[in-house]
Ligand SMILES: Cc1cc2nc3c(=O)[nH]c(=O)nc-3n(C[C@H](O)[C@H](O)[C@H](O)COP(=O)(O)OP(=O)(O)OC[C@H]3O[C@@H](n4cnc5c(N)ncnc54)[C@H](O)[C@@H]3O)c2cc1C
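For reference, the chain that follows is the form predicted alone, supplied as structure tokens.
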Amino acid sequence: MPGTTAAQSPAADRIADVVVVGAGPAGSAAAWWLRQAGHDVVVLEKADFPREKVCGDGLTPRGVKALQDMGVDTSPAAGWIRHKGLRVHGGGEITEVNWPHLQRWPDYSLVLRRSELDARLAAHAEAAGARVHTGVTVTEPLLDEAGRVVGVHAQAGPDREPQVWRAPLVVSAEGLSGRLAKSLGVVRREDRPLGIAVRRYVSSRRSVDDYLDISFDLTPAGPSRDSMPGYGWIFGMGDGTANVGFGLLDTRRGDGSKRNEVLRQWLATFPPEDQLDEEHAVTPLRGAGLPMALNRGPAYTRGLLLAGDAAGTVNPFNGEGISYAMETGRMAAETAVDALARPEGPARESVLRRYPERLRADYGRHHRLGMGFLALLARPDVVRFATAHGLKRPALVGAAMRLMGNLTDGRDGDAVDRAVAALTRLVPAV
């Protein structure tokens, strides 16, 4: 497993070009890309691998591309499970759509348990020369006299040995908690959506399937028809189990028992022989937050760059976070490389201050559309009407999935791509 105990690191070695906090997809991607540019990078991770992470375990073609760009082996021989498309449920209709054949993106998705994925990515960064230390809890930023981040304070090992790690730049890939950002006054924006993902593994015959199941109708049946805006999934893991769960927009709508009931009622719509019910569960139901639409910002301040969930980069359309974590980890690394090539002072700071605008330019308009989509999910009547009629038209579903998955070749693509590009240009960035 990747990582060493930071307590073994002499104080003289606790200096780097960049300190990355968190060894999830964002942090490991940032570390790998920094190493490609020849920078000395330290990754500090509070847990030990393998570690439990609540996730759907699925990577869309966008995530596959991010892995390929880092040279990660994504072959079936390496344990990855491939799917060729989506099976979409809603309004009493079901349709199957394949991932599009595009120039920029692969035409398949992947599944791998998140615990395994994070360990592999951390090991990949370590193999590239990053110094990965596990069992290290970063407590607060190290500030110079001007209040600029020049490292971090941490506690290492079972004895919680206090440590100081120094670097001209720090990348926060801490996830939803964002402890470093909060300490600098960068808090979550209340005008941006925050959801919750809930999942468990079940022993199911749906473990092997060419398609990933997605449902956009989680509203309970019955006279109350209380709206539960969100989506459900069934992802076959290829090992005799399936990852089943759902994402909800409104986290205030109930406790764990409510979540259990939502999942139970939705899975009860599938045939009993699929073995998706609680009786066939092999893990408890677990939940985690989904920080969406750049809901913490600015993504750069005073020597600290935010990447992945720390910056709130989850796609509001589909709850996809891994792809954007790896992408923003790369963006943070590229920004750091460009900045460190310039003298300390205004020239370097000018480069760093462009990082939030890069995130906004790449994702802001798409996220704005996604926030509109979330508003529609809160209307069960609209969802049922749209899915009951739309799922009868596979071409329309395919186009919608491309929009939601942010999978186009841009203006130079086909008619669907040009339509998506035109639609995106009409909305302001978040």
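Quick note: we count residues from 1 along the sequence shown, nothing fancier. Since this is a predicted model, take the numbers as computed values, not measurements.
The protein also exists as the form predicted in complex with this ligand; that form is not presented, and the subsequent description refers to it.
Quiz item: residue 115 near this ligand in the predicted complex, any heavy atom under 4.5 Å?
Solution: Contact with this ligand, no.
Quiz item: Would residue 217 sit within 4.5 Å of this ligand in the predicted complex, counting heavy atoms only?
Solution: No - in the predicted complex, heavy atoms of residue 217 and this ligand never come within 4.5 Å of each other.
Quiz prompt | is_contact(residue 65, this ligand) in the predicted complex, heavy atom dist at most 4.5 Å | solution = Contact check for residue 65: no, nothing within 4.5 Å of this ligand in the predicted complex.
Quiz prompt | residue 54 within 4.5 Å of this ligand in the predicted complex, heavy atoms | solution = Output for residue 54 is yes: heavy atoms within 4.5 Å of this ligand.
Quiz prompt | Listed range touching this ligand, judged in the predicted complex by heavy atoms within 4.5 Å, from 122-130, 91-99, 341-349, 288-296 | solution = Going by heavy atoms within 4.5 Å, the stretch is 288-296.
Quiz item: Taking this ligand in the predicted complex as the reference, which of 183, 275, 74, 137 has a non-hydrogen atom within 4.5 Å?
Solution: It is 137.
Quiz prompt | this ligand: the contacting residue among 206, 330, 259, 199 in the predicted complex [heavy atom, 4.5 Å] | solution = It is 199.
Exercise. Give a yes or no on whether each residue among 21, 44 and 58 has a heavy atom within 4.5 Å of this ligand in the predicted complex.
Key: Checked in the predicted complex: all three residues contact this ligand.
Practice problem: Heavy atoms within 4.5 Å of this ligand in the predicted complex is the criterion; list the residues of 148-186 that meet it. | Solution: The stretch 148-186, when checked against this ligand in the predicted complex, contributes 173, 174, 175, 177, 179 at the 4.5 Å heavy-atom cut-off.
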